[in-house]
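For reference, the chain that follows is the form predicted on its own, supplied as structure tokens.
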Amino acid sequence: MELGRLEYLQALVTEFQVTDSPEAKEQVLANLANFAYDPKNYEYLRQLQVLDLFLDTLTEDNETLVEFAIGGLCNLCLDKINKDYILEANGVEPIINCLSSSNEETVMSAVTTLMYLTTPQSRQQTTALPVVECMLRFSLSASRRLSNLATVFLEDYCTPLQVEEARNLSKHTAVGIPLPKD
């Protein structure tokens, strides 16, 4: 049975790589993101380089693919090996870039992923000033889910000094990352 699981995941990865249909790619990536939810699949997904597949997909123009890729990474980064891999693969920057998505699910997954990726070593990157500024804006969102998540990020992952610095900076700038549409 376990061999069947690896073969099935391999078939999904292969289908994603060879298909030209955007709908098929979305369906396959949604499946892979769902499989990333189960710790039993972590080793197989690492073996099949699905973390790289998800990271590479974060820069796609297709918003649905990005949503599923960041969702998959969010599921995978609870595991220490996967977390370390994402950090070492310079995955934080493309994840931060997902904060500017107009898709609320993508933004929610990106915020959550940044929380999961925050370690004493990565904190400087995951709570960089532009991220804290962004969380301040999200904390004012009409979306309760987003405002609550951003508030938790600010309270649990940022220092009061970081929040104050971001508040002062955002008073002086008009440009910023727009809020996602509902």
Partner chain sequence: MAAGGSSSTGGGGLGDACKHHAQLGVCESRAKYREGRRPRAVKVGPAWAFRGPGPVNTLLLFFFPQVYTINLESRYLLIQGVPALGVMKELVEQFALYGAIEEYHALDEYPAEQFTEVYLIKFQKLQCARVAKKKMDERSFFGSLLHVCYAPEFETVQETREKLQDRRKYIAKATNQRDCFVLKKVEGPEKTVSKNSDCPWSTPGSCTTGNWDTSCFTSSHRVSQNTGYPSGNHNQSLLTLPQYDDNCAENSEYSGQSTSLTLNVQPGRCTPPTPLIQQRIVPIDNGIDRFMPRTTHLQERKRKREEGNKFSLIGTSADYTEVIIGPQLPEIPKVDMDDDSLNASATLIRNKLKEVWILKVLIFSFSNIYMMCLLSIKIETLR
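Positions refer to the first chain, counted from 1. From a predicted model like this one, the values you see are computed outputs, not experimental measurements.
The following text describes the form predicted together with its partner chain, which does not appear among the structures shown.
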is_contact(residue 101, its partner chain) in the predicted bound form, heavy atom dist at most 4.5 Å: no
Given that the partner is absent here, does residue 15 sit within 4.5 Å of its partner chain in the predicted bound form, heavy atoms only? yes
Considering non-hydrogen atoms and a 4.5 Å limit, does its partner chain approach residue 121 in the predicted bound form? yes
Taking 4.5 angstroms as the cut-off for heavy atoms, does residue 164 touch its partner chain in the predicted bound form? no
Does any residue in 139 to 164 get within 4.5 Å of its partner chain in the predicted bound form, counting heavy atoms only, and if so which ones? 142, 143, 144, 145, 148, 149, 151, 152, 155, 156, 157, 158, 159
